[in-house]
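Each of two forms of one protein chain follows alone as structure tokens, named structure 1 and structure 2.
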Structure 1
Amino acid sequence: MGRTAQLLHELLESAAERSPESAALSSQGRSLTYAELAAASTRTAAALQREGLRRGDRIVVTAADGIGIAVLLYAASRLGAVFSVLHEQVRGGPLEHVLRDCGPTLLVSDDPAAGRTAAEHGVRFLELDELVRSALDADTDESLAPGGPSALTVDPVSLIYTSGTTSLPKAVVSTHQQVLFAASAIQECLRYRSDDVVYCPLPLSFDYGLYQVYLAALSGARLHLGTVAEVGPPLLRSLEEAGATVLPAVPSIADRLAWLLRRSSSGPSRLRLLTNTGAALSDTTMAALRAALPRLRIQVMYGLTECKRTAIMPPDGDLDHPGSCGLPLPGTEVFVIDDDGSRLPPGQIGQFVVRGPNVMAGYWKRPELTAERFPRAEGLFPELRTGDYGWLDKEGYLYFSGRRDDLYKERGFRLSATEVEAAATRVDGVTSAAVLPPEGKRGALLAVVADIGADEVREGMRDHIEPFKIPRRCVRLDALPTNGNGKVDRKKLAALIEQAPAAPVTAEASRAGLAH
């Protein structure tokens, strides 16, 4: 075993010492060993240093090249710089907001249009391909020039921008210490192996995707970076060709995999583990996956960017604790409080609070919001008031009820969109579901992907939820629109529904052209 990592790039150093010739990263027709990745990140760090980058400087990267991004983030760590990975489609106003907000020294991208935006804001620009290709093509070792003190474990290493429902995206500040603790605690639960091939269909701008880079280094696994095209209809073939053994999924990807498996005579032969976060997996999807892939284990998880991961279920633990999202990470605590901040006993619904080294440092340049969400109470670590509601059972398992912005009122009742969606997906024939809370004169609306009619969905929900919680309107769609992270895009969903004829949106929607 290599030395214990204190700084992010030391994860890579340890992996390169243990297994220098093992494959670290792969994508379409490209791969790097751990030794090659470590050397490339060192050369890139030296190149950035020559560009004037120093400890504490911010580097923003927006690109599609996952291998290049991984090289760059380890290089930033070597410099003591702070990186922020944005989705490749972040352009225009959203990109300008980030440049104004975090004041980066450098923007790295594969799009010349991003370079023009950088110039308008006085930010230096480099092309990712040129920067990384020169580091990969070099055949000499390179080291950083002597400078000031190296980064400390409590120094920031990344800013992860997360969207709010009513404001511009805000950045969660993560230190080396917090990232390393979270990654190690997650690895303790998931137990990736050195012979694993982790097929990652998620962008590295999504922290779930980004942490696959760290988990691979911790375990010595190979991380295969999938593309959007690979996780569409060719998903089964993509998994098989990559030799995938682990699939970090969100519900839209798991639903698609289950759908494809039901229509195929064979599945990915080596796949042993599927993890899920972002939203709850439906019972229908998990049953279909287990039926088609008997050796597959499923681990459901729950988390927020502000603490990375809150809870992880033991493998297949959902079978013994249906509806739960797992146990708190090792070395952390989760408890439930009421509106006055008092702790609640098991079984009572309140707000989840997380304590432990996984709680991130706060929000960049948002002192008031940081004080509100990250109060320092008892002990060493700040608490995170998650804004998520649920309850704990006597064994410590978490049960998620809904987010603060997921709760809505209709007909005098306080309802949870998450609870309604879960009830819909328990109906036979329903693959996925999303609720649009009331807005203006429009009441709550349920959108489903299903093999049965909208009225049948609503009727079937009566077996799983109180009738007053069932939205009066339901529409069937071929697919739920998703964002770059694979989560349901409710703005796109609302726009899609608004394009429908003004007729009542129940079973009639199928005749209006919205359904199968």
Structure 2
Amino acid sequence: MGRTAQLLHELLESAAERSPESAALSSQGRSLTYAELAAASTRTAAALQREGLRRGDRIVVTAADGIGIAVLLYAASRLGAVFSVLHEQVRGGPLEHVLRDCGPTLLVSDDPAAGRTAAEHGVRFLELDELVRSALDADTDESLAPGGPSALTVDPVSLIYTSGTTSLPKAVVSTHQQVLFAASAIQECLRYRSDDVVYCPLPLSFDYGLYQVYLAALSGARLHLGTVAEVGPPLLRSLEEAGATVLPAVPSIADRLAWLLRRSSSGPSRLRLLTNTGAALSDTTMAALRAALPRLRIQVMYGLTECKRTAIMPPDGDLDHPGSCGLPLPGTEVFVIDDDGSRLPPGQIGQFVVRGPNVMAGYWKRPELTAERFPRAEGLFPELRTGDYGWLDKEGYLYFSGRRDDLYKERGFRLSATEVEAAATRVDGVTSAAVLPPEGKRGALLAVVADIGADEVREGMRDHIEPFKIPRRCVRLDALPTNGNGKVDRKKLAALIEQAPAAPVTAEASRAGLAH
């Protein structure tokens, strides 16, 4: 066995050395072994080199084909290039923003419209399908022409664009070292096995989706990439057909699985582990999943792209530490500070700060924002101000209260939208909930998907949080609008409610508003 991987593609090399014939990736009836994936990524790297790509160049890819993306990202790593995976639907203005911001040498996509945008911005364009297919079909071994020195562990390997609430998307830059540390630390907690089939329902543009590629290589598991069509209503059947043993989820996926399981006599029999990120998983969903799948263990997590993952709960640890999102990654530290930057004792709410090798390099071409969010203690030692608020208990478990922008003030109280939403979903009959913080003259507003009336929801919440925290207005909707990552889209939600301002408000809620 070779030395420990230091560069991203060495993860793949090690997996291909250990078990060349094991399936690495599968999707839509296609499957690749680790040896095939390693060879295809080498051929793709050689093809890119012939196109003139060099160490340090940036490559942007926007496509639906996860297998193609995986081949391409390992190829980029081999060249010492830096890749950025965008959601397949990023087009027009948002794509132009990325091309201007990132300044890539190459855009890769299967969509001619993306090709035209690239041409307008003087960026070279290649078709993913063509690039990868020729690499997969070739049966000759190819190696890279000797170039300059290869990438260092401290060189960048990926840019992950994240949307800000107020500004245009910005890219978090990760070095090889940072990615490998984060992936290894996550693997230490989740313990994927070589006989696992990891069913990824998330696009690879979402960083937890992308990290499944690395976690699979670290463990030697097979990663099955579900298509958008397969992870909708056919999710249950798709999991069963893929032989899924692990499901990395976000709340909308876990809620969907619970809904389907309630209507089914059996479930995905081999599924042993579900992990959750993105937002808190509701107690109702976790209980439903556990009832339907007795073998299933759940690991809730919390993190942000700026350090990939912050905390992971031990398997089923939520039963002993309800409401917590787990312990800091091994080899990292999380502490809580007040507004002046002083450390707070356990039990007090403040901002989470992360230290450790998982703290990424910073934001691409945003020196001021980088200095603010990635300050250096004593002017030397990097740490990450997460902008997330919460507290630690005496054992070191993290409790997430909300994003900085999740916190709002109403009637003089500092409230957390996340906390209010959690209380609403604890009410029997409520499937999901979202809070719109106050804006202008409008007070905080609670939107729910529920089998019960809006007034009953507000009444039921009194069992779970202080009455002053319960929004005066509650609106019942058939569904909460979500974005590509399955998170509630508050902008769309606000627009939706403003379209029909009077209709959905219940009589009692109006009275409560008037009485105030």
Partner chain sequence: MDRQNVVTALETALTDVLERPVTGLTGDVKLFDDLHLDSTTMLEMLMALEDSIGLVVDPEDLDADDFVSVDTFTDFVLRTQLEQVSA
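In this text, the rigid core denotes the largest set of C-alpha atoms whose superposition between the two forms falls within 1.5 Å. Numbers follow structure 1, counted from its first residue as 1. Just so it is clear, the structure is predicted and the values come from calculations on it, not from any experiment.
Task: Form predicted together with the partner chain - which displayed structure it is - done: Of the two, structure 2 is the form predicted together with the partner chain.
Task: Rigid core fit then Ala47 CA moved by 2 Å or more between the two structures - done: After core superposition, the displacement of the Ala47 C-alpha between the two structures stays below 2 Å, so no.
TODO: Tell me, please, whether between the two structures the C-alpha of Asp478 is shifted by 2 Å or more, with the rigid core used for superposition.
DONE: Comparing the forms between the two structures, which are aligned on their rigid core, Asp478 does shift its C-alpha by 2 Å or more.
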